[in-house]
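In the block that follows, a single chain appears as structure tokens, in the form predicted on its own.
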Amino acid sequence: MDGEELELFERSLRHATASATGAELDAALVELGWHDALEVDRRASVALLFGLQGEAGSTSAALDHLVATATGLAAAASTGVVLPAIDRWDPPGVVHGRTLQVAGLVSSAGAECPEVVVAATAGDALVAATVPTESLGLRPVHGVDPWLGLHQIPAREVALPAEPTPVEGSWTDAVAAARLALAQQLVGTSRTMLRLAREHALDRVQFGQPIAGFQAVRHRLAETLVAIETAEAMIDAAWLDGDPGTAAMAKAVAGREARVAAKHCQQVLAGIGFTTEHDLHRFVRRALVLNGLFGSAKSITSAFGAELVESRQLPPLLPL
């Protein structure tokens, strides 16, 4: 897409994410041709949509679509996709003969589908198993971020109604795609937290002047901006590098910097930031959950450390 097309596409997506969420946003994305644009310019499509979803606090089934297309799961429009459980990134299912052991998460869109497809390991192979949604005993997640609409699948075994089909795609590629998308969404969420803190600092008056003029407040806002720009730079490097390991680093950095942004913005907002009267709490909650999807900053960093100790080799430097 050229510059004018990207600008028009961004304006359309911004309006859609700001005015709709859930099923309404999914319908808007179909109308806007986001799924077709994904085939033409994957980076721009993912970066724009997930960044804007983070800014608006909206949700869609776009993450399900990314995982399905990256692995080559032949999921129909009426079929949902099972995602890994919080802080996990391995395939959510394991096939044992004619049964499927599964534990993970399903989006609000997937929960409405009569069937869901599960990426599962069968020995050394990756397969796709399709099972009725009602057999999974879905439980709505009403915890930190109920607005995200996630449903949990308790660890259970279900009978396979049909033989699983081999998957041509790579689960590693699916995880990398999901991590880049979530990293972009974390940056968008962080930007909204910064906006809310900045607006409060300009409006809140103490000792006869806006608190935005106080050096401590300005330092908090500046450090938040540095954290966001650091995450964006790492995401840009991951897109250019195209390596799953770099995508993991980008997700870890974005998750870490989102927590930094939440801490500083909460300090700027002070007491009002702890209340449900202010919007900050929704974006802090969203950042916490997004950080956990497909591996948190802590777990990804720990996995990298263990890998480095075992291999005794440093990863290659990113191209500059």
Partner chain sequence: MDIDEYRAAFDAWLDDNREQLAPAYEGKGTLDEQMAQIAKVKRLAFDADFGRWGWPERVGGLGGSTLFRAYLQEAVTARDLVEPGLFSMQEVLAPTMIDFAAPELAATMVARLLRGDETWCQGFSEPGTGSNLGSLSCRSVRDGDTWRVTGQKVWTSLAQYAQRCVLLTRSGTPESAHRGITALFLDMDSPGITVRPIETMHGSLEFSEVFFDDVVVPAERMLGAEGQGWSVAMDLLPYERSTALWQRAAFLHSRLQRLLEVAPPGSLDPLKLGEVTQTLYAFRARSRGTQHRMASGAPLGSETSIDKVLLATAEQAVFDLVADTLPAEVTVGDDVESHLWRTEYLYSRAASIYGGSSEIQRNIIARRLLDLGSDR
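Numbering follows the first chain given and starts at 1. These numbers come from a predicted model, not from an experiment.
What follows is about the form predicted in complex with the partner chain, which we do not show.
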Can you tell me whether residue 237 touches the partner chain? I mean in the predicted complex, with a 4.5 angstroms heavy atom cut-off.
yes
Mark residue 154 yes when one of its heavy atoms lies within 4.5 Å of a heavy atom of the partner chain in the predicted complex, and no otherwise.
no
Test of understanding: in the predicted complex, would residue 213 fall inside 4.5 Å of the partner chain by heavy atoms?
yes
Even though the partner chain is not shown here, does residue 230 get within 4.5 Å of it in the predicted complex, heavy atoms only?
yes
Look at the candidate spot formed by 194, 225 and 302 and say whether the partner chain comes within 4.5 Å of a heavy atom in all three of them in the predicted complex.
yes
Sole residue of 37, 252, 56, 293 within 4.5 Å of the partner chain in the predicted complex, by heavy atom:
252
With the partner omitted here, the residue among 103, 127, 141, 221 that in the predicted complex has a heavy atom within 4.5 Å of the partner chain is 221
Please identify, from 109 to 117, 145 to 153, 90 to 98, 237 to 245, the stretch that has a heavy atom within 4.5 Å of the partner chain in the predicted complex.
237 to 245
